[in-house]
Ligand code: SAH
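Encoded as structure tokens, the following chain is the form predicted alone, with no partner shown.
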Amino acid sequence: MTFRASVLTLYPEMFPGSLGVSLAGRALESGTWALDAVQIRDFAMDRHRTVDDTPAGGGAGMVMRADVLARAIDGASPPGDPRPRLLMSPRGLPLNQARVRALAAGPGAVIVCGRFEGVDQRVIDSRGLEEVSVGDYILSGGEPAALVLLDAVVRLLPGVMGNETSGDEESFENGLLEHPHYTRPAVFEELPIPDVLTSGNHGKIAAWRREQAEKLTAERRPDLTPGPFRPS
């Protein structure tokens, strides 16, 4: 089954962007996953291809119209489409590795990229859009967030990473940040590789990596740290 992403956007030229190179690009070229960039303006109903209007109740900016966006969603995701419908939004639930893995295990996603002040709530409700945030900051639109989400998902698809276990010990996979990494040269600016990593004792190496991961997580992301490792 090919993972298929349909991205609804006012700027389809932004795709595939970074997804067209490296691991994601090779997987896209080989057919491991597919990407459709859908121009929302194609579903406008006037000669000016209008997609937005002033906010009800007044206020700054413009709001994406429910009727136009609904037509675009229905065109990209007809009845029976099993793919989740996502709206990239700063007020959405934070994207995490568990959600990324769940998406990677599915048939794909329909991703709506908002612009302006936001999207009419009625289309969010009527089309069952799941609002997803990639961080506590504001972007010019949902396109960069969609690229982030798809990059995180595509790398987990079968066959995309050369070593299928590459993602098993990464940050967030086990509720911890990832341990430090080292490679040649053995000494860099008088800083040696920790002795334990060159000892050949795999048990001690695993224990050291776990200890370092717990320490980093406690220092930088105490919200992730369980039990006794949470700083007081």
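Being a predicted model, the structure only gives us computed values, none of them experimental. From 1 onward, residues are counted along the sequence shown.
Beyond what is shown, the protein has a form predicted in complex with this ligand; the following relates to that form.
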Any non-hydrogen atom of Gly128 within 4.5 angstroms of this ligand in the predicted complex = no
Check whether Val134 has any heavy atom within 4.5 Å of a heavy atom of this ligand in the predicted complex, and answer yes or no.
-> yes
Is Gly114 close to this ligand in the predicted complex, meaning a heavy atom pair under 4.5 Å apart or at it?
-> yes
Proximity of Pro84 to this ligand in the predicted complex, heavy atoms at 4.5 Å | no
Have a look at 106-114, 120-128, 149-157, 74-82 and name the one stretch with heavy atoms inside 4.5 Å of this ligand in the predicted complex.
-> 106-114
Report whether all of Leu177, Lys215 and Leu224 sit within 4.5 Å of this ligand in the predicted complex, measuring from non-hydrogen atoms.
-> no
What are the residues of 120-155, in order along the chain, with a heavy atom within 4.5 Å of this ligand in the predicted complex?
-> Val132, Ser133, Val134, Gly135, Tyr137, Ile138, Leu139, Ser140, Gly141, Gly142, Ala145
